[in-house]
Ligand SMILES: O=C(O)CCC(=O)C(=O)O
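One chain comes next, on its own, written as structure tokens: the form predicted on its own.
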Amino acid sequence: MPLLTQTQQDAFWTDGCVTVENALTPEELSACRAQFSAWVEESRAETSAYGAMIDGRPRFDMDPSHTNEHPALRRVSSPTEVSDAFLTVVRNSRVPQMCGELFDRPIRFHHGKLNSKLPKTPTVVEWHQDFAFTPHSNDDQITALMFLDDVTDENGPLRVARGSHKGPIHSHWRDDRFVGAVDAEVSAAAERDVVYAKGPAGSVCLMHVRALHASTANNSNAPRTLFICNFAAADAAALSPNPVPSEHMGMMVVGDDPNAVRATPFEMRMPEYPKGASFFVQQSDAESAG
């Protein structure tokens, strides 16, 4: 039985994204939420980014507003390396199977991260395209945003520029700096017609990797935490270093390894490897350059 209806598949290819409820089982959702809650409690004792990924950069990143009383853990990079709950979702959940249905191809895991906006946290994500961070030989890639909390109008839902995955790959450079965000003119155009990724905990937003997207601050008393994974067609070869590296990069999650590379034409400037704990640090340069 297909996991996605024809209507859902059509929405993905028309809008560049589709939100599907009940993508995670109650058991998968509960395990992931419990693990993230434990990490939030741990972060209370920290005053700056901490932990270490395999490239030496910090794994856990906090918003500048972070305090012991009001923790603002905003990013956990490559959680699959330090949590069986998240590794199980990547290996066994229905989400990669949905990606396989959309592309009708075997699927690899490229990278994963947790992005969180805890209550009354001012974290903002500027307009950008994920492909600008993770170019591959073809663009059959999906950013799967799994909702660990209910996502509402008030807690900073993702906004996707409708149909933007069919448009150009925009520059994410400014004044010879890679800032991980598009310029003001592109951002203004993106705001004119958006799809909001909202729904109950356990849902997933499947977003094409070329879709322009952004989100605002969480002004509510409810958290908004997403487990975000990049899944790619197995014949899409990575063209730049993984900005969120892990020992699980390249792991087959749907089908068998085709031992083949497929290339489609495109042109873009290569991304700059992040120096800080997360792309939030890169996007802070966009604000200063803007």
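These numbers were taken from a predicted model, which means no experiment stands behind them. One-based numbering along the sequence shown.
Although not depicted, the form predicted in complex with the named molecule is the subject of the following passage.
For the chain shown alone, H136 is not a contact residue for the named molecule in the predicted complex, no non-hydrogen atom being within 4.5 angstroms. None of the heavy atoms of S203 is located within 4.5 Å of the named molecule in the predicted complex. Mapping the unseen interface onto this chain, R108 falls outside it, with no heavy atom inside 4.5 Å of the named molecule in the predicted complex.
The named molecule is not shown here, but in the predicted complex it comes within 4.5 Å of a heavy atom of L226. Here the chain stands by itself, but in the predicted complex one stretch of 109-117, 183-191, 91-99, 169-177, 109-117, has heavy atoms within 4.5 Å of the named molecule.
Remark: none of the three candidate residues (A132, V160 and H208) comes within 4.5 Å of the named molecule in the predicted complex, counting heavy atoms only.
Note on the partner interface in the predicted complex: the residue among A197, L148, V125, A144 having a heavy atom within 4.5 angstroms of the named molecule is V125. The single residue of 54-83 lying near the named molecule in the predicted complex is R75, the criterion being any heavy atom within 4.5 Å.
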